[in-house]
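Listed next as structure tokens is one chain, alone, in the form predicted alone.
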């Protein structure tokens, strides 16, 4: 057993070598947030139960396409819990670490910043008290594995805390995870979101430790929900009734978006914390002109409010890229990176 553990430790150390040398100097969270600018989520890939289950895998050429198009970072949603033992010591599969390493390497080679998160840990969402030991153990391994990685790689503790993850539970648990991360990654940027699906209206409930100055706070934005999720199968039977809703960019529609981003901007200023719009997007069942108008306006509102932003997502139901046709969906691309 000791020999096996030693071999594993040597593999972990060796596998991190390719991640170093790109940027070993820690940026302030404000600098990191500014450098992230506008990026894209590599969604429906590594957060599927297994990569490819939802019809898309991360191909090496995708990272070059993303960088060449003008995006500055990628957010990588990852279902770590599907690749870790259910019982102690909750070991994450070596081959899964290797796959994540491949994606990170390709992103860094294309000079993209990277945000790695924990995504779709469903058991944790419905039973956070029972799952917190496993949650912490998985994060301990992630932190150790990437401890020598480029400082262009950030961690995001959890995507959209929800269901039974209450304010009280989250404000107690995530600082404990953060404290453990800091043992191996003392100055790495760490992203933390709010409960109720990274809701901007829950920012005031989030307690951020004053002593840790390497934190970026994240929110997600899909308002108006009936527009952005019309026809979305996972949104329930009611979503079919929303089909045909448009977004014209009227003064009333814009003012609603502005009001929400004013909340984020004010919170960031009042708490001296950078804020990251980690997800925003409109599903493909909406008409493309409305999607492009909404996407452009939300992107501009985020930038004007001082937020970095990542579109949801690259090549699936919300996708800015068509992997079958091997081409960008130009109205969305221009909305995201155009002038």
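All values reported here derive from a predicted model rather than from experimental measurement. Residue numbers count along the first chain shown, from 1.
The same protein also has a form predicted in complex with alpha-D-glucopyranose (GLC), omitted here; what follows describes it.
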### Message
Looking at 60 to 68, 310 to 318, 24 to 32, 296 to 304, which stretch has residues with any non-hydrogen atom within 4.5 Å of alpha-D-glucopyranose (GLC) in the model of the complex?
### Response
310 to 318
### Query
Does residue 90 make contact with alpha-D-glucopyranose (GLC) in the model of the complex, using a 4.5 Å heavy atom cut-off?
no
### Query
Would residue 194 show up as a contact with alpha-D-glucopyranose (GLC) in the model of the complex if we use heavy atoms at 4.5 Å?
no
### Query
Any of the heavy atoms of residue 120 lying within 4.5 Å of alpha-D-glucopyranose (GLC) in the model of the complex?
yes
### Task
Check whether residue 156 has any heavy atom within 4.5 Å of a heavy atom of alpha-D-glucopyranose (GLC) in the model of the complex, and answer yes or no.
no
## Note on the structure
With the partner omitted here, the residue among 188, 134, 145, 229 that in the model of the complex has a heavy atom within 4.5 Å of alpha-D-glucopyranose (GLC) is 229
### Message
If you apply a 4.5 angstroms heavy atom cut-off, which residues in 218 to 257 are near alpha-D-glucopyranose (GLC) in the model of the complex?
### Response
222, 229, 234
